[in-house]
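Single chain ahead, by itself, as structure tokens, in the form predicted alone.
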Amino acid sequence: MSQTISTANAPVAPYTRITVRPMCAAAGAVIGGVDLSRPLDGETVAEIRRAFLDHCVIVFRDQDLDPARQIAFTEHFGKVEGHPLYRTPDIAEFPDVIVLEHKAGKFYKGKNKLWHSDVTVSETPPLGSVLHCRACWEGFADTMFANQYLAYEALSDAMRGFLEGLTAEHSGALNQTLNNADPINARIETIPDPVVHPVVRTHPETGRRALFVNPGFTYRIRELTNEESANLLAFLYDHAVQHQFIYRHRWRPGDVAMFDNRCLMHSVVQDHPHDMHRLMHRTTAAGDRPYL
């Protein structure tokens, strides 16, 4: 388990290796002064990690990373791992780089429109992912990130206390159904067994608590009846994506965005034209088992 970083009453050290420009109150910051195509020293990595923990989503503009350098950057945060449910073309030499591409004749219908945290069907969901935008049409197919620290903290004391005693089952069944309904996708034939996680998790580095249920993978709260579970989940899903909790990232070619899967949900805006070319390379850093 990672060591918790306590920031209570601690002075905030200035950044000396990078610049950090917050994008909105909910989440998101643009990081300057870094060329990710070059090796990073330990002090620079430490400052990037601090900005990542403070802002949940960090963005580096005008980058040009080959797959090897993207993997090297991601490895500063955890072991790089693939996605058990994604079926995309591989880069032969780099199978852990997921290729996400939309273009005429290869147009995905958008299972990523569902709000979700990545791979919560895993016993140890990812720490986070790095997305490198290789091509896009600016103004289309933005990614929205919803801060689940803020969603949790905005609940009443009574509701927070109630949720902290609950656990939920997570399954890849819906992901499989949506994937296999689109003939352009390679079929998902098998999915992992369901897993159980707390409805509220404690971030292993910041010590803050966040909601940890999502429409993409969570399908039942174990301590409630099916009707009670469905009603509570519907309430939490609506609550968790209110405007004041959301950072909307407007992609530009060359963007590298890293997001914290332990305290965010995300969703792709489904407004892109059929013939739009959008190409992303994604790498994912391994996480650990959620706990309250």
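Remember, predicted model here, so these are calculated numbers, not experimental data. Each residue number is its position in the shown sequence, starting from 1.
Not pictured, yet referred to below: the form predicted together with ligand OGA.
Candidate spot V57, T74 and H132, all three in 4.5 Å heavy atom range of ligand OGA in the predicted complex?
No, because V57, T74 and H132 lack any heavy atom that approaches ligand OGA to within 4.5 Å in the predicted complex.
Answer with yes or no whether H116 is in contact with ligand OGA in the predicted complex, where contact means some heavy atom within 4.5 Å.
Yes, H116 is a contact residue.
Could you confirm whether H272 comes within 4.5 Å of ligand OGA in the predicted complex, counting heavy atoms only?
No, no contact at 4.5 Å.
Contact with ligand OGA in the predicted complex for L100, defined as at least one heavy atom pair within 4.5 Å: yes or no?
Yes, L100 sits close enough to ligand OGA in the predicted complex that at least one of its heavy atoms falls within 4.5 Å.
Flag N179 as yes or no: does it have a non-hydrogen atom within 4.5 angstroms of any non-hydrogen atom of ligand OGA in the predicted complex?
No, N179 is distant from the partner.
Based on heavy atom distances of 4.5 Å or less, which listed stretch (65-73, 260-268, 223-231, 239-247) is in contact with ligand OGA in the predicted complex?
Residues of 260-268 come within 4.5 Å of the partner.
Sequence order please: the residues of 274-292 with a heavy atom within 4.5 Å of ligand OGA in the predicted complex.
Residues within 4.5 Å: R278, M280, R282.
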